[in-house]
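Shown next as structure tokens: one chain only, the form predicted on its own.
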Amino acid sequence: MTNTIKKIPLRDMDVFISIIGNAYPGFGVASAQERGKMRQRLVAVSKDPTIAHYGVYRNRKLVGGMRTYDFDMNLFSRRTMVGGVGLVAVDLLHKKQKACRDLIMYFIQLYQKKGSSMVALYPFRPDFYRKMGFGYGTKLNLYRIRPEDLPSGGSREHLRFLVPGDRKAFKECSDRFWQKHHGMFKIKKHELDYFFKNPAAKTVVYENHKRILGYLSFVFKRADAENILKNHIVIRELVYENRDVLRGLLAFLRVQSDQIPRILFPTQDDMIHFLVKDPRDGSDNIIPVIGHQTNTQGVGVMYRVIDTRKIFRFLKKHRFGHQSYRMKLSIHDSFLTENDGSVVLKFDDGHASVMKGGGYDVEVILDVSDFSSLLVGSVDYRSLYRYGLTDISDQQYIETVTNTFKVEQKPICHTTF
């Protein structure tokens, strides 16, 4: 049986919601009321022209679906469209029939047609998507910090809670942060709505001279089922334009110690343990030999290059270090055959240009998944070579290639999708 993929019409949304509910029971859409709320959200989000829902049909019956996003990504301070995919779900009766594979292939081809050279997702199984060519991004850390362990001295003078009239200034702050941080996606309308319309979300802003220069968004989580007075704070997003803003927002968190045992802080910043007096997470776990557990980690966003030549042409003004040499980059891409093969790159003081062929100084061989991680800067070439995940024709160039793809800061992403 063949699969047909097309946009999901409104008449099939209820079927899609049932598929999602069965695929992800944790979403909590078992009751008619919960399904109704999800339908309202799906319909509302569908009004955004950069978001769409596609379904896979077999014998005219919807058996799976996905949501796609046109994202504006900061890729080394350059704005580029990156395709995102989420809500990938397949009917329980139709699993292992290549419905998911066909959806992802359609998604990739859709963004090839749109002119994108990269796509991204959050995996339900990292190994599954790595086989399809997606590479790991920066790992996500979950810290559990006592408020009293945060640094003192920050001023709360400029802090207040977010109000409806802040929407324009809030978005301007978010956009400035996006423009300055590699890997960030520009905020979308429905994401903006979360801060202003979700009653559970609490957002403190730092305002100075009528400009919002940072914000802390969080929710409460019960710390003890028997004690309604004890709650953890779970940080949803922390944005700051300078260290004074950060210290002010941390000062707000610090004074909550009378009722807040722990602050749960998911972050891609792996230096947070230097910020606090005691970085231990309260588990008292010892990692052999005598390593005090400070946080847990997980694989989050994954990236995939879908057009190797195009992404280097897009990054022609980006400086890949200061190396000058020719590299034959050979990419193994078994899922997307048109991206499988070699390209000769000329680096002139770090500026890359795609050549039509000719000689080269060194050949580097990589799977597209590891190349995608290398390109964005979430892994370094030396490590890939050490792990046996790449081959190189001349080992004397290992350091040169490592420096070519070295980044000052790993990519960060605050967007969930």
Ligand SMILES: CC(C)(COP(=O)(O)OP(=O)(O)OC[C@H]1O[C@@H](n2cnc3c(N)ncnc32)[C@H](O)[C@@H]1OP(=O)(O)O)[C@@H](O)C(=O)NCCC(=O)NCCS
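Since the model is a prediction, treat every value here as computed from it, not as a measurement. Counting begins at 1, following the sequence as shown.
Another form, the form predicted in complex with this ligand, is not on view; read the next lines as being about it.
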Given 249-257, 194-202, 333-341, 220-228, the stretch touching this ligand in the predicted complex at heavy atoms within 4.5 Å is 333-341
Is it the case in the predicted complex that R319, Y325 and L375 each bring at least one heavy atom within 4.5 Å of this ligand? no
So in the predicted complex, does I233 come within 4.5 Å of this ligand, heavy atom to heavy atom? no
Y122 within 4.5 Å of this ligand in the predicted complex, heavy atoms: yes
Report yes if any heavy atom of F107 sits within 4.5 Å of a heavy atom of this ligand in the predicted complex; otherwise report no. no
Please determine whether K168 contacts this ligand in the predicted complex, using a 4.5 Å cut-off between heavy atoms. no
Report the residue, out of L159, V88, M302, L345, that has at least one non-hydrogen atom within 4.5 angstroms of this ligand in the predicted complex. V88
Just give me the single entry in I398, V407, A23, V15 that has a non-hydrogen atom within 4.5 angstroms of this ligand in the predicted complex. A23
Sequence order please: the residues of 111-145 with a heavy atom within 4.5 Å of this ligand in the predicted complex. Y122, P123, F124, F128, Y129, K131, M132
